[in-house]
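The chain below stands alone and is given in structure tokens; this is the form predicted on its own.
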Amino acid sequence: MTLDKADSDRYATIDGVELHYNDVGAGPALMTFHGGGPGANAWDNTRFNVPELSKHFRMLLVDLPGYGGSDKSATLPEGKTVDGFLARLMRGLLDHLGIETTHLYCSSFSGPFGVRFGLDYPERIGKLVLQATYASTGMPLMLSPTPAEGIKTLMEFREEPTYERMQRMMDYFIPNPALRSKELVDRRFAAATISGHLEAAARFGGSANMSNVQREAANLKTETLLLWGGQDWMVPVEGVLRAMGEIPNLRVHIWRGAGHFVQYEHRDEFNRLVLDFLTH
């Protein structure tokens, strides 16, 4: 199945923020989101999964404010948390599209907002798929006093966005060199250097603007699947232990040796796991 991104590009303005998303497939809604690293966007995050998953779901691949094709001028309203603000925006997008309920897939940085959505709008969510995330990457979840090595390369790129630093960052994202193609690095670098992206992403990034969803996780009623790579140098897999102790209705799958992008590194098995979880 070949899908053309341009054919599915859509835009909607919600609470004054222009959101870009791709609308692909038919069936129950599945909203997918990306991480918070330089160049992240929804299409590239899940483009290898779209052909299979869109056979079963209406996929809405949403760029968060500051990322991809979404608003680069968006700012976090005073007194609001990032996770609460994003959850409200996505509820507004569902209202705009006339969709009552949706499944959510949240990768890395978008994880806390996915949990927040389930807490604040339980009537609007079906099931929740989290990938290499639970709280934000800067919170104690990692059981480590310092940032992971991969996060250090991410911060270095933000300070000086060169191709060489992007290459180093991608080395940590995808530990298997056979899967770390030049095309992937080129696409990520191009997306990271879109005018206004790094500045906008900085306004939403960091744990300081997140609420501590871990304190409320016991109240999450949503069935949740947590996926992780055992060799994740961005958000270490030890975070699974925290999630298992705090999220009530949780199942976990870990790929030994995989990195941060398990949806790409193990796409076929990822698709089977997600399909089985969402349809049973």
Partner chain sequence: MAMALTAENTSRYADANGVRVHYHEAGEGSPLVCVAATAFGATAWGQNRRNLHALSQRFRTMLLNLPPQGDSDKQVKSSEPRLDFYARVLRDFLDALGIERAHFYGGSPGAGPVLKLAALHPERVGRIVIDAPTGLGKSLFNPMPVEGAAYTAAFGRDPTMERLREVMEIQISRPELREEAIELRYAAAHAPGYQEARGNISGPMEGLLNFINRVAAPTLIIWGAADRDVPMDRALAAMWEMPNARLHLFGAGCGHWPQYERADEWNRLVIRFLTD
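Numbering follows the first chain given and starts at 1. Values in this document were obtained by computation on a predicted structure and should not be read as measured data.
The discussion below concerns the form predicted together with the partner chain, not included here.
In summary, among the residues Asn49, Ser211, Thr222, Gln231, the only one with a non-hydrogen atom within 4.5 Å of the partner chain in the predicted bound form is Gln231. Residue contact with the partner chain in the predicted bound form: Asp276 places a heavy atom within 4.5 Å of it. Within this chain, Arg251 lines the site of the partner chain in the predicted bound form, having a heavy atom no more than 4.5 Å away.
At a distance threshold of 4.5 angstroms between non-hydrogen atoms, Val240 is in contact with the partner chain in the predicted bound form.
A residue is said to contact a partner when one of its heavy atoms sits within 4.5 Å of a partner heavy atom; Asp9 fails this definition for the partner chain in the predicted bound form, lying far away. Here the marked residues Glu78, Phe85 and His96 all miss the partner chain in the predicted bound form; none has a heavy atom within 4.5 angstroms. Comment: 240-248 is the region of 61-69, 211-219, 28-36, 240-248 lying near the partner chain in the predicted bound form, near meaning a non-hydrogen atom within 4.5 Å. Using a 4.5 Å cut-off on any heavy atom, the residues of 265-280 that reach the partner chain in the predicted bound form are, in sequence order, Glu269, Arg272, Leu273, Asp276, His280.
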